[in-house]
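Presented below, as structure tokens, is a lone chain in the form predicted alone.
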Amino acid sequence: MPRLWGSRFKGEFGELSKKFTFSVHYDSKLALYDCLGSIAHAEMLSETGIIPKKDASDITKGLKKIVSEIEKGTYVFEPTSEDVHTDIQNRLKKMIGRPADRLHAARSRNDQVVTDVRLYCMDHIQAIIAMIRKLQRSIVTFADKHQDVIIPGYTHLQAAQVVLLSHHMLAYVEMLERDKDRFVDALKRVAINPLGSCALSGSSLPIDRNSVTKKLGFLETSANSMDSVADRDFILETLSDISITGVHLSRMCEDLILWVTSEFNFIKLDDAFCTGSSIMPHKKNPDVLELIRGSSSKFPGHLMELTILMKGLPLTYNRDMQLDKPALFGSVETIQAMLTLMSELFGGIKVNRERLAERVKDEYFFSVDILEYLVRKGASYREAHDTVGVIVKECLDRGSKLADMSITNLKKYSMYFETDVKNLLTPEISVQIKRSVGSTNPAMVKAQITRWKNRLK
């Protein structure tokens, strides 16, 4: 196959070297973006008079035909091509002949490849944003259907206080909103056009880089040609955002994995997301959730891989940067699959209301409510904390309950106890008496659900 750089060399590039350096087997994922970038570049070369209009027309027609084949999945990459750029250039030459040779004016593979990668990131970041929004809608729908369900809340994986299941669900929605915001913000730094920077110093030809910026949907034109081809910080930022989103999905999965166990038995998953055991016929394993949780570990690995790859590189382009693509592509494809699965999974979760209603009866869930009751009556916080702590300890030691204690006995612990303290010993009252903004109060949670439903339309 013809090379884009071969005229200076007499000898052949070694077969082992080809196998080690050629990248078309993975950078072929950039084919569509390579064509779109080349179409905009050809149009600009024609508009500025650098190449004849007829040649530019032939180039764009040929590239649009290749785009059609790529979109249909019928384009076949030559395994002997060095990279996606060479493959498309060679295919275009076969299609239209000599006009194809004009396409590379005022362009290097250095700025060409980073243009392709930026377009790829722009496209897939917007897809990820849409997928996060879809997952948020799925969770909000689930929360809306279960507004009356009360569950144990945990710290240190120890039962702590009762909360609404919908309140717990909305915590995920808030996390995902920040994830979405990070991706939206990253687009400002991703959508910068490097094309026309050439190898590193720019071009002496009268190109119009701003025209290409508009054609390709970039937000601005890069200001320094060396920076344009030398850095991949926009990929690092994208991988960082993916890593944080992966952490949130993993934690979400861990909650659901715990809840589906026989020990918790809070929920049941749809069979579509579970598998069985080859030896234990009774098993129903949450394999999809476990694999999402496990797959999230890839993201920080890819981020560190590329961070370390970039940290010692001198300006400007170095071939090491070719290795940015497997880390990027793998992370993008995995997070998109995870988000899609989670969106579907929430639609099939069944809540075990009976089990949860039984689980939240334990009066120790209400110890903070009793503490704050004493504070409202006039006790200091420390006094109230110590009082409730002593009562809890003695009830545990005796195997008794606070609900069974008379007010006379309770007053031995604190003068502030009145008969109305017994009203606090139900999960429904515990969530209703919360007043702080952002709490598990049913009215506040209902308002938040309404807010999210409107926001996510």
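Throughout, we count residues from 1 along the sequence that is shown. Predicted, not measured: the structure shown is a model, and the values here were computed from it.
Another form, the form predicted in complex with ligand ARG, is not on view; read the next lines as being about it.
### Message
Given the stretches 160-168, 241-249, 124-132, 315-323, which is the single one in contact with ligand ARG in the predicted complex, using a heavy atom cutoff of 4.5 Å?
### Response
Within 4.5 Å of the partner lies stretch 315-323.
### Task
Using a 4.5 Å heavy atom cut-off, state whether R109 contacts ligand ARG in the predicted complex.
Yes, R109 sits close enough to ligand ARG in the predicted complex that at least one of its heavy atoms falls within 4.5 Å.
### Query
Do C198 and ligand ARG share at least one heavy atom pair within 4.5 Å in the predicted complex?
No, C198 is distant from the partner.
### Message
Is H302 near ligand ARG? Define near as a heavy atom within 4.5 Å, in the predicted complex.
### Response
Flag for H302 set to no.
### Query
Though only this chain appears here, would D179 touch ligand ARG in the predicted complex if you measure heavy atom gaps against 4.5 Å?
No, no contact at 4.5 Å.
### Query
Among the candidate residues L306, L92, V113, L345, which is the single one with a non-hydrogen atom no more than 4.5 Å from ligand ARG in the predicted complex?
Exactly one listed residue reaches within 4.5 Å, namely V113.
### Query
Which of the residues spanning 62-94 lie within 4.5 Å of ligand ARG in the predicted complex, based on heavy atoms?
Counting only heavy atoms within 4.5 Å of ligand ARG in the predicted complex, the contacting residues of 62-94 are D83, H85.
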